[in-house]
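Below, in structure tokens: the form predicted on its own, a single chain.
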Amino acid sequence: MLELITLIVLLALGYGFGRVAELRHYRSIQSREAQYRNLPAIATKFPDPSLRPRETNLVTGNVVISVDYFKRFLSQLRNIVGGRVKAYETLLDRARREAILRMKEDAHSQGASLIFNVKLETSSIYKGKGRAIGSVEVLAYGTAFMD
């Protein structure tokens, strides 16, 4: 009985704290995306030939985000029945957007007006009990154009 109560309390705490942290992070992401909206980041491999930058540099953004206890529990349940693991989808969405924002911050600090050939690399960097994902790393990189 004590184990069941402990599980329920941990799940409730994981859900509460995880949800608050996730919402706070999404608000931060949205405000910074608005701030860097005028700095395009495109996946095109070759830029428009009419662009003549005075300089180009590699810019990067990197983030590691951990899975909270509640999401880990939900994903284990979903693995039993199959289907989309929505708990991890929001984790990856936040990680990708944060990595792109950090890359844009790097480009902005160098005076860039455009980032092209943007690439994303994703990996899980920690496998917990039962090979469950513990943390996700996303690296965003591209070539910044300075006018």
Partner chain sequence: MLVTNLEIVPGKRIQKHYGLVQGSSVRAKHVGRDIMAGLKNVFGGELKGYTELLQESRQEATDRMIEQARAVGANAVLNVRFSTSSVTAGAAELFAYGTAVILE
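Here, rigid core means the biggest group of C-alpha atoms that superpose within 1.5 Å across both forms. Being a predicted model, the structure only gives us computed values, none of them experimental. Positions refer to the first chain, counted from 1.
Not pictured, yet referred to below: the form predicted in complex with the partner chain.
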property: Contact of residue 53 with the partner chain in the predicted complex (heavy atom, 4.5 Å); result: yes
property: Partner proximity in the predicted complex: residue 96 to the partner chain, non-hydrogen atom cutoff 4.5 Å; result: no
property: is_contact(residue 114, the partner chain) in the predicted complex, heavy atom dist at most 4.5 Å; result: no
property: Proximity of residue 40 to the partner chain in the predicted complex, heavy atoms at 4.5 Å; result: no
property: Heavy atom distance at most 4.5 Å to the partner chain in the predicted complex, all of 44, 67 and 137; result: yes
property: Single option in 87, 63, 92, 29 placed near the partner chain in the predicted complex, where near means a heavy atom within 4.5 Å; result: 63
property: Neighbours of the partner chain in the predicted complex among 1-22 [non-hydrogen atom within 4.5 angstroms]; result: 10, 13, 14, 17, 18
property: Is_shifted residue 9 between the shown form and the other one (CA, 2 Å cut-off, rigid core); result: yes
